[in-house]
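A lone chain, given as structure tokens: the form predicted on its own.
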């Protein structure tokens, strides 16, 4: 291969790994994908180092070393994109796909249509509602949590369009969750008795809980990727703290203004 082709292979492997990392894949999966693509295309001494915020790739070919570094940020959790990139990697190795075809395939995956906003809102509402039932809520509380979860997911989706930190976004998400829950429970509570706000709040928070991040952090630590695992776990803990602070701030403000308790 010429130098230009070697660089194209590096970019192909890096783009595949970047997509996996940005959409929530584990560290070992990203490194294995990058290494397998490079080795399959004839590169040697492939060394990839992946952390949640970047990818470092170094290979050797014809007694020359080539390196690439890419800074990444997590876009969103999208298991479908991860599955598509995994299928692409297997297909690339099995069918000996050309570099040009691989680039086109990755471009299709990156431009694949996402789930519509209405579907995501419906899924978030169902998740919050059924978690409320799981925590001992009744049918009325299920409906309140369903509506509240839709509002919370809509707010966080809109907030993601602005360049704010993940801590602030989740802090505001917790505050919005508590505020909407108070409004809905107090409004419907005048007509229906025996409504417990606790299950509504907890259920509505579940769509924001970083479950995938916690699982990936534990898997990374078990796999020996302590830097990535600790980083992901720290992020998950900070998100949980932000949600708790958001809920607690609005709750204490309500108790201070109204007096007494819920």
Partner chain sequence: MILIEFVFAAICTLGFGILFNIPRKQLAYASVTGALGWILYSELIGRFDSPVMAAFAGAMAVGSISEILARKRKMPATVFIIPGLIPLVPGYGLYYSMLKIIEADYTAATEIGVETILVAISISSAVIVTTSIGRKFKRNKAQSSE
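Numbering follows the first chain given and starts at 1. Keep in mind that what you see is a predicted model, and the values were worked out from it rather than measured.
What comes next is about the form predicted in complex with its partner chain, which does not appear here.
Q: Just one of 155, 88, 166, 130 has a heavy atom within 4.5 angstroms of its partner chain in the predicted complex, so which one?
A: None of the others qualify; the residue that does is 130.
Q: Identify, from the list 231, 223, 48, 196, the residue with a heavy atom within 4.5 Å of its partner chain in the predicted complex.
A: Filtering the options by heavy-atom distance leaves 223.
Q: Please check if residue 28 has a heavy atom lying within 4.5 Å of any heavy atom of its partner chain in the predicted complex.
A: Yes - in the predicted complex, heavy atoms of residue 28 and its partner chain come within 4.5 Å of each other.
Q: Residue 43: heavy atom within 4.5 Å of its partner chain in the predicted complex?
A: It does not: once its partner chain is placed as it appears in the predicted complex, residue 43 has no heavy atom within 4.5 Å of it.
Q: Answer yes if any heavy atom of residue 124 is within 4.5 Å of a heavy atom of its partner chain in the predicted complex; otherwise answer no.
A: Taking the distances in the predicted complex, the answer for residue 124 is yes, it comes within 4.5 Å of its partner chain.
Q: Residue-level contact is defined here as any heavy atom of the residue lying within 4.5 Å of its partner chain in the predicted complex; does residue 83 satisfy this criterion?
A: Judged by the heavy-atom cut-off of 4.5 Å, residue 83 is in contact with its partner chain in the predicted complex.
Q: Taking 4.5 angstroms as the heavy atom distance cut-off, pick the stretch from 179-187, 158-166, 98-106, 73-81 that is near its partner chain in the predicted complex.
A: Stretch 73-81 is the one.
Q: Does anything in 198-221 come within 4.5 Å of its partner chain in the predicted complex by heavy atoms, and if so which residues, in order?
A: 198, 201, 202, 205, 206, 207, 209, 210, 211, 212, 214, 215, 216, 218, 219, in sequence order.
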